[in-house]
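Read the single chain below, which is given as structure tokens and is the form predicted alone.
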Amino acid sequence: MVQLETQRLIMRQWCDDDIKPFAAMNQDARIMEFFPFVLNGEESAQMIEIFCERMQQPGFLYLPVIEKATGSFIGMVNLTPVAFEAHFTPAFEIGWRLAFDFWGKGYATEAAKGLIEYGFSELNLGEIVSFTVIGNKRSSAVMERLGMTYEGEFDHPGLPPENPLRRHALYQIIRAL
């Protein structure tokens, strides 16, 4: 099982203590602003079960992020194959979601950077993508701080045409040789 550490963070396997703070995060409208809907406690617990099942397959990482100084659950980070077909697939996607109290501290960038380094060094990936809803300036800023380059826009095929969250910005980082 994968466990990663950065200067301030630990990314590890899920445990029962993660369910409650993960559910609280998924019920916070500020955090879920650019997602199609918020999740209730049961849906969040089911999502963790799905994460754990998928992590049994090579190349799927959904890791809780823990603040070293306090031991607090602060969010999650993932590195997974993109689950839909698009002009840039097949590809691996880096993503993150942090509890509101931990925004603005550089934790999303730090966690994602650690997982990108793992993807390049341990999974031997040549490139990693990330995408977000147009208008999600916070996530776009994290992508840029990670050294990712803007590659254009696309319509997320998992959302219907009338959904205002359908249009996404695509970013990419290529492994240095």
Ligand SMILES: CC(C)(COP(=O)(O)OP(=O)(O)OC[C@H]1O[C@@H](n2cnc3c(N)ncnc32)[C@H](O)[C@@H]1OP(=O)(O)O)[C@@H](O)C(=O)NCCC(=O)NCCS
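Residue indices: 1-based, along the sequence shown. Quantities reported herein were computed from a predicted structural model and do not represent experimental measurements.
We do not show the form predicted together with the named molecule, though everything after this point is about it.
Novice: Quick one: does residue 108 come within 4.5 Å of the named molecule in the predicted bound form, counting heavy atoms only?
Specialist: Close contact exists here: in the predicted bound form, residue 108 approaches the named molecule to within 4.5 Å, heavy atoms only.
Novice: Closest heavy atom of residue 139 to the named molecule in the predicted bound form, within 4.5 Å or not?
Specialist: Yes, contact at 4.5 Å.
Novice: Closest heavy atom of residue 88 to the named molecule in the predicted bound form, within 4.5 Å or not?
Specialist: Taking the distances in the predicted bound form, the answer for residue 88 is no, it never comes within 4.5 Å of the named molecule.
Novice: Taking the named molecule as it sits in the predicted bound form, is residue 120 near enough to touch it, meaning that at least one heavy atom pair lies within 4.5 angstroms?
Specialist: Residue-level check for residue 120: no, no contact with the named molecule.
Novice: Name the residue from 31, 45, 39, 134 that puts a heavy atom within 4.5 Å of the named molecule in the predicted bound form.
Specialist: None of the others qualify; the residue that does is 31.
Novice: Using a 4.5 Å heavy atom cut-off, which stretch among 148-156, 48-56, 126-134, 63-71 contacts the named molecule in the predicted bound form?
Specialist: This holds for exactly one stretch, 126-134.
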